[in-house]
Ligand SMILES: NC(=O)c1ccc[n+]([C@@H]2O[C@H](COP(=O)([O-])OP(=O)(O)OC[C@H]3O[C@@H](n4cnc5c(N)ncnc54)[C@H](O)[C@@H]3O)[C@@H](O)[C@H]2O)c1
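One chain follows as structure tokens, the form predicted on its own.
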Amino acid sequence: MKKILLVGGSGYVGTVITSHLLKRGYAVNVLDNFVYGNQFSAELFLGESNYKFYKGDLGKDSDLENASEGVTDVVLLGGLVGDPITKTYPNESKLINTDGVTNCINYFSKKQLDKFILISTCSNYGLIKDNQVADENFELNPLSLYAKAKVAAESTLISKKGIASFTGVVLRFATAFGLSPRMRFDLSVSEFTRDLFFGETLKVFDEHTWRPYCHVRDFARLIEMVLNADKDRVNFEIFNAGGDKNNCTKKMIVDEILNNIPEAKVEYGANGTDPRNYKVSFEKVKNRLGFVPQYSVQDGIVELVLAMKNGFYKDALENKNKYGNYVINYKSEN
């Protein structure tokens, strides 16, 4: 049996990966320090025979050692995720996303593992022209502390080729959507849907900018594919993680929400604070691993609207900190 360590496994994506892997018969260890006070997201796994939780810091070797006993593979999800949170907390961003992630990679490069999967981001592409599509060899243009730290982490991992025992893999995640035990409403699809469902007037800036999206359950499927892939197909390779069908503009997302909530009110504006614009190619992950997303952005909107119609997330507007990466409670113990 494979035993997988998910570093940062109690977050929005990590909890869905945890659930998927447990259902598929894997043993799962999770290392997390609940940087957003999100202990509730791990509670449903407590008591599972193949699940172990370790509270700790990815920048602390003793915590990594405790959490990794007997593990065969490591997935590094941990960090302050997103451009706004890293801008709000630049010092903590360096401690976690730069120093902590580097320490984690260096620590496991000296251990015997099968695979080490680094979760990176398509935000690394930054701002590109509308007629261009970014594949994995496209020039990177990170615009935020978050993306710059991810680019540096990719470089650190790739530098371990020929040195580390493990097979290193980088997955550049598209922007996530979909339901999760640690739900986030600070991401485009869920934020737009929440606001329009609860009668807010949604103000959308730069509605024709492109971004790739991917459902959290598809991310979980892809992680399993990589864990079981032959070494020669993934060894120290970089993959854009998502699918071509989910390259969308903000306007395309809004139009789909309006198909489900026709009475909703939207206003459009120009020159917003987020200039990113990138359309991404997912041919490599499709051709090399056979990965094609099962869920479309439309599917994600429908499931979220259905959840809210059934009374879930009633507090999503007034309790924003619970449902987003806005405020952290972090103290390094190094």
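Keep in mind that this is a model prediction, so the values were computed, not measured. Numbering starts at 1 and runs along the sequence shown.
We do not show the form predicted in complex with this ligand, though everything after this point is about it.
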Among 262 to 270, 304 to 312, 29 to 37, 287 to 295, the stretch whose residues bring a heavy atom within 4.5 Å of this ligand in the predicted complex is 29 to 37
Using heavy atoms only and a 4.5 Å cut-off, decide whether all three of Ser10, Gly56 and Ala176 touch this ligand in the predicted complex.
yes
Ok, Leu222, Ile117, Leu196, Val81: which has a heavy atom sitting within 4.5 Å of this ligand in the predicted complex?
Val81
The listed residue (Val254, Leu143, Leu227, Leu187) that reaches within 4.5 Å of this ligand in the predicted complex by any heavy atom is Leu187
Might Ile96 be said to contact this ligand in the predicted complex, defining contact as any heavy atom within 4.5 Å?
yes
Examine Thr121 and determine whether its closest non-hydrogen atom to this ligand in the predicted complex is within 4.5 angstroms.
yes
So, Cys248 and this ligand: in the predicted complex, are they within 4.5 Å at any heavy atom pair?
no
Taking this ligand as it sits in the predicted complex, is Leu77 in contact with it (heavy atom to heavy atom, 4.5 Å or less)?
yes
